[in-house]
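Let's start with one chain on its own, the form predicted alone, as structure tokens.
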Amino acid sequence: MLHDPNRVYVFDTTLRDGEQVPGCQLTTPEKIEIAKELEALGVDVIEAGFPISSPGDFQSVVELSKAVSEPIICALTRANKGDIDSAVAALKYAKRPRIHTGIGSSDMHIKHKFNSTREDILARAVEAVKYAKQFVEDIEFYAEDAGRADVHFLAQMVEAVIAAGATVVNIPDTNGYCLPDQYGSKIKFLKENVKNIDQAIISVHCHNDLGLATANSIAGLQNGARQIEGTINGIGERAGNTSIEEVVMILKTHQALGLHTNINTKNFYELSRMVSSQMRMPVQPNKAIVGSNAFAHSSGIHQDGFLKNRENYEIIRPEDVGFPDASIVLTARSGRHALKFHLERLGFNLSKEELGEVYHRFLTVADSKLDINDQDLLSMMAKQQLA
């Protein structure tokens, strides 16, 4: 396979892993609406569902396959024929179908989930890939709980499934357990010790149980992975998945990494709002990239530096992610520079002395109010002029 060695493929699982949040189920028309926006965003793969799990999921994969044409449409299965048959049927309208099959790779899962042995699990993994390959050319294999798997057994499994026909190998940190250096070195070991690894793309699929999903995904990319799996807003089971907007903007900001995606980053903000509203899952205000406070400056020192030169306190421009604009939020911690900025915006041009007087009045108001809006400023100025 010929790939741009520095291109990172973006695999979106908002509609599969993201939708596993209790109370966030979407209807098929809602999924189609989000899928079309994901296509406009420029994602390479959309994981549309787990067809065998329910008639609704099956139907979603069918309808999404009809609705979008650019991204690969991916269906999830376990490593058995029934699941794969269901995925094949659901993907019949997909222009670019992918089957995502796999099985546990850690001794914890092999013993306590499958009550099995390494040898048996290896055989089942190879059999599933070979079976799926009869119907679909593009096969992604996930080695579940790879984060806790023995690295030598993991390498053996990856080599066997690539030989059986897997085009992508997914190394998930299923429980969000790894530290970035541990996860990165696991990817590096596979890159250096699996003799046919050049015939497949290594994919990273990290969970955020310890808040490390984004850091682990970047560590994986730095060590040779070239597909990242995640969700919009980082939604997903438990503490969520890797946040796609975070990884993409890290690569864009740290160009020294030499990696790039085909994502239209200006679409992030609107898509974030759509996912939040349809899934009834608010985005925390301090969420990186898309949170409502991501570009809000309230500390006086920061505001002063920002007004002198945005780059003092901004490494990403709001417009790069489609954000309405950076805001200077007035609070009791704001300084004279920020107050002057807002008063001039409202048409008040004050001398240094006048600003000093108004600033004292402003602090009195700010102490009794969490944030100050334009109406508060106008009313304050009216009182000042009467004084």
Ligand code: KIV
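Don't overthink the numbering: it's just position in the shown sequence, from 1. Remember, it's a predicted structure, so these values are computed and weren't measured experimentally.
Omitted from view is the form predicted in complex with ligand KIV, to which the following refers.
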Closest heavy atom of Tyr183 to ligand KIV in the model of the complex, within 4.5 Å or not? no
Taking any heavy atom pair closer than or equal to 4.5 Å as contact, tell me whether Ala79 reaches ligand KIV in the model of the complex. no
Do Tyr142 and ligand KIV share at least one heavy atom pair within 4.5 Å in the model of the complex? yes
His207, heavy atom within 4.5 angstroms of ligand KIV in the model of the complex: yes
Which is the contacting stretch out of 165 to 173, 260 to 268, 282 to 290, 214 to 222, given heavy atoms within 4.5 Å of ligand KIV in the model of the complex? 165 to 173
In sequence order, which positions of 8 to 36 have a non-hydrogen atom within 4.5 Å of ligand KIV in the model of the complex? Arg16, Asp17
